[in-house]
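As structure tokens, one chain now follows by itself in the form predicted alone.
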């Protein structure tokens, strides 16, 4: 088991590589199918349930431009798996090459503490936090478009923009009163 490093390999020409990490694989496959349909650039999608990645394919594995942790808010295991996987990423990834995508945020049965924990995690790592609707084709399409925008910048395919600059614009922030009890 080794750290996944962002700059250990050379980038491909007009190619972007994304790693989708989701413990339950519900939204992961539909999102991957939509991502590979992109025609402007070649998008290679890698899927994983958790990190670390297996060592046996390390030489043939391309450089990963963006790591996306997909967290299903209705599952505590999904959040714990994403949190445990973070220690297998090189700190260089947190300079604009990691984002969190949350599903089922509108579900009434989701405890607000879980959403707050995800927001705090994303804010503490200075990473973007995206919300996605995984139940409808339009929701998958919208999530794909947002990820493609971030992926193209992270892969260096957008002139005059860097992943670090984009992450500063899109990073998650936590309101100062998030730890205060609500009086609802």
Partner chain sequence: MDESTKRLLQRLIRRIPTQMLRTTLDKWGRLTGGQLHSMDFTQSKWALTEKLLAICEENKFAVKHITELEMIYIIDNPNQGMWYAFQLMDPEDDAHSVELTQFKEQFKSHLRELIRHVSVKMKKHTDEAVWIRIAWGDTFSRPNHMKPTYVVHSLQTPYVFVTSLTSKQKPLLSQALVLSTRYQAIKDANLSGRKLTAIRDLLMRQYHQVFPTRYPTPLAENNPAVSNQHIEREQAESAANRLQAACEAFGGGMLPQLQSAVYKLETKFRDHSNKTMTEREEPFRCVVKFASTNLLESLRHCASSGIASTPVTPLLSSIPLKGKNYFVITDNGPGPSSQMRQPQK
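Please read these numbers as outputs of a predicted model, since none were measured by experiment. Numbering follows the first chain given and starts at 1.
One more form of this protein exists, namely the form predicted together with its partner chain; it is left out here, but the text below deals with it.
- The candidate stretches are 124 to 132, 23 to 31, 65 to 73, 148 to 156, and the one lying within 4.5 Å of its partner chain in the predicted bound form by heavy atoms is 23 to 31.
- Every residue of the trio 45, 49 and 53 has some heavy atom no more than 4.5 Å from its partner chain in the predicted bound form.
- Not displayed here, its partner chain is kept clear of residue 119 by more than 4.5 Å at the level of heavy atoms in the predicted bound form.
- Using a 4.5 Å cutoff between non-hydrogen atoms, residue 40 does not count as a contact of its partner chain in the predicted bound form.
- Not displayed here, its partner chain is approached by residue 57 to within 4.5 Å at the level of heavy atoms in the predicted bound form.
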